[in-house]
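For reference, the chain that follows is the form predicted on its own, supplied as structure tokens.
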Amino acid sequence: MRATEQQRELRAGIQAIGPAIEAGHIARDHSGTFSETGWKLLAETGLFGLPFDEESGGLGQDLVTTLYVLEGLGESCRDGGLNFSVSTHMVSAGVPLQRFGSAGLKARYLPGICAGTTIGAHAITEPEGGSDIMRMRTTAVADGDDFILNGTKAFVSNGPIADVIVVYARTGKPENPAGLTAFLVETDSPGLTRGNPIEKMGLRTSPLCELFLDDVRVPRRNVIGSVGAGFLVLDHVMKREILCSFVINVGEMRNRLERCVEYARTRTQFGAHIGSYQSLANKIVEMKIDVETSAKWIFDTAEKLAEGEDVSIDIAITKLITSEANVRTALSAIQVFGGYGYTAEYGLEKELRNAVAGTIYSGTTEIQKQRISTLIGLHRAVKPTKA
């Protein structure tokens, strides 16, 4: 994309603090520690309020501008877990409030989300269900002016540090798209319990936990949208979650590519810079192609989404291309750096572990392929023939 002067200034503001927010990222990954300092520094830039209304404390920027700045975050900060928590916070809690929340709900919670003083998360996945949200077991039963929530949620990103969580629960019959509702739930609500932070392969600095709901009473005013509109809310959120999360990955890939180019230009073997060997040069060229292809899919899809076009296939392709490219470029970077790339000291092995997560969250690679095949008409019920 061709950035405007304002967009470049917003991105430069984030990149200026890159060294400060990524400092110590390898040690934090080793210990699985969330960077409170990095979070506060990012909050001071106004990053969290990028796409939200100015009356709520946001910056009122459009989707493409938000993505451009988030790409800069990925490029300047090598704390992949912190980057992931930023995207989760903004999209999982802020986006549904901005689009579907009542005036009262937005007034109460959105300023804190924009300021970063209220940390957000959402709870969708369940231990038995995975990506099959239509079989969601968590229930919300009306009780006067409240709803009573019961159930268990798994893999709640930001869960251990969240102040508010958007919980999706069943208010109607299973398998019915109109049977889901989204609720904004404060994490100090009686009956809500968070499991211990879960150790994981990558994104270790982004805390993850289970969520247990035992007769949690939520005011009806905390319904996001309307009762039965949860699937619509989730569809709106997931499109933007994929774009925001993976544009950060594009920035991370750009940083990785730049390090590989510089290393190949300066590292010598057998009397020549290693970049002069065609096999290694080709590997770096393929990294460049992966980066630019991913960026083009993300920004083209974002422009179509902003114009109100149907991007169902585009989103699935974008997610699939970018997540797989992130894994390939991370593995290639390790190979470019050789033995140094394999050590924890350089942080490249961490980036490979982080990248694998992108092929799983927000719908696995296999789910995306299934979705694309369905949307192009390959899955149709066979009508029984008459005898």
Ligand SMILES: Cc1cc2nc3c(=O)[nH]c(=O)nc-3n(C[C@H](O)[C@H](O)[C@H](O)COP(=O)(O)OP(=O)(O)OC[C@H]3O[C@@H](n4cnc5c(N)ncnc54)[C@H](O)[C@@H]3O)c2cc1C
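In this text, residue numbers run from 1 along the sequence as written. No experiment lies behind these values; they were computed from the predicted model shown.
Keep in mind that the form predicted in complex with the ligand is missing from the display, and what follows is about it.
Legend entry - Partner proximity in the predicted bound form: Ala357 to the ligand, non-hydrogen atom cutoff 4.5 Å: Yes, Ala357 sits close enough to the ligand in the predicted bound form that at least one of its heavy atoms falls within 4.5 Å.
Legend entry - Interface membership of Ile367, the ligand in the predicted bound form, 4.5 Å heavy atom rule: Yes, Ile367 sits close enough to the ligand in the predicted bound form that at least one of its heavy atoms falls within 4.5 Å.
Inset, instruction - Using a 4.5 Å heavy atom cut-off, state whether Thr45 contacts the ligand in the predicted bound form. - result: No, no contact at 4.5 Å.
Inset, instruction - Answer with yes or no whether Ser157 is in contact with the ligand in the predicted bound form, where contact means some heavy atom within 4.5 Å. - result: Ser157 belongs to the contact set for the ligand.
Inset, instruction - Could you tell me if all three of Phe84, Ala123 and Leu203 have a heavy atom no more than 4.5 Å from the ligand in the predicted bound form? - result: So, yes: the whole triplet contacts the ligand.
Legend entry - Among 26-34, 357-365, 338-346, 52-60, the region lying within 4.5 Å of the ligand in the predicted bound form by heavy atom distance: The contacting stretch is 357-365.
Legend entry - Partner-contacting position among Pro111, Gly172, Gly129, Pro197 - heavy atom within 4.5 Å of the ligand in the predicted bound form: Selected residue: Gly129.
Inset, instruction - Scan Leu208, Leu180, Val233, Val291 and let me know which has any heavy atom within 4.5 Å of the ligand in the predicted bound form. - result: None of the others qualify; the residue that does is Leu208.
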